[in-house]
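Only one chain is shown below, in structure tokens, and it's the form predicted alone.
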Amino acid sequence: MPPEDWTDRHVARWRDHWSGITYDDQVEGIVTRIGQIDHYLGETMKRAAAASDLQESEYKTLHELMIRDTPGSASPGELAEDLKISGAGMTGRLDALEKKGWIRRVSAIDDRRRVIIQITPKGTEVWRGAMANRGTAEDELIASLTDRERATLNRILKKLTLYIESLPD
């Protein structure tokens, strides 16, 4: 039997507090562990960004710019929407990134009134450095699983994400 983890103790503590309310140990264990993994990955992202001399918001903005269908290029509005921040907040982020030479603002080819944000080679380099650090931490986490466990976990998580994607906005 595997050793007890924090979630096992959490589930046992909370089990008796939910009289009259449906409480399923399995559901609580799954959701709590997903939350712990999410927290761990968030912390590794912060450390990876810091190791590359990036603030968390700088990393997230460069990352969002790079993972698009049009890698390295987006409008400020698209970035703000994807990052779930205000237009004013996005302007502040972009000003700081531009000052560091990591992005540039250019006029859209089809409408010179529109601005497009493009990552610079310097911005790509700093983002790739943070991604390498982040990838190492992710690889170390997943290395605790066998190939078969990885495949099983990936299938299960895909089933959950497909359910989430099927929900109405």
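Here the structure is a predicted model, which is why all the values come from computation and not from measurement. Residue positions are given as counts along the sequence shown, with the first one as 1.
Another form exists, predicted together with the DNA; not displayed. Remarks below refer to it.
*Asks:* Which is the contacting stretch out of 113-121, 62-70, 30-38, 134-142, given heavy atoms within 4.5 Å of the DNA in the model of the complex?
*Replies:* Only one stretch qualifies here: 113-121.
*Asks:* Is residue 104 a contact residue for the DNA in the model of the complex, using a 4.5 Å heavy atom cut-off?
*Replies:* No, residue 104 stays farther than 4.5 Å from the DNA in the model of the complex.
*Asks:* Although the partner isn't part of this model, could you tell me whether residue 44 comes within 4.5 Å of the DNA in the model of the complex, counting any heavy atom of the residue?
*Replies:* Answer no; every heavy atom of residue 44 is more than 4.5 Å from the DNA in the model of the complex.
*Asks:* Does the DNA come within 4.5 Å of any heavy atom of residue 57 in the model of the complex?
*Replies:* Yes, residue 57 lies within 4.5 Å of the DNA in the model of the complex.
*Asks:* Check each residue of 76-101 against the DNA in the model of the complex and list those with a heavy atom within 4.5 Å, in sequence order.
*Replies:* Heavy-atom contacts within 4.5 Å come from 76, 77, 84, 85, 86, 87, 88, 89, 91, 93, 95.
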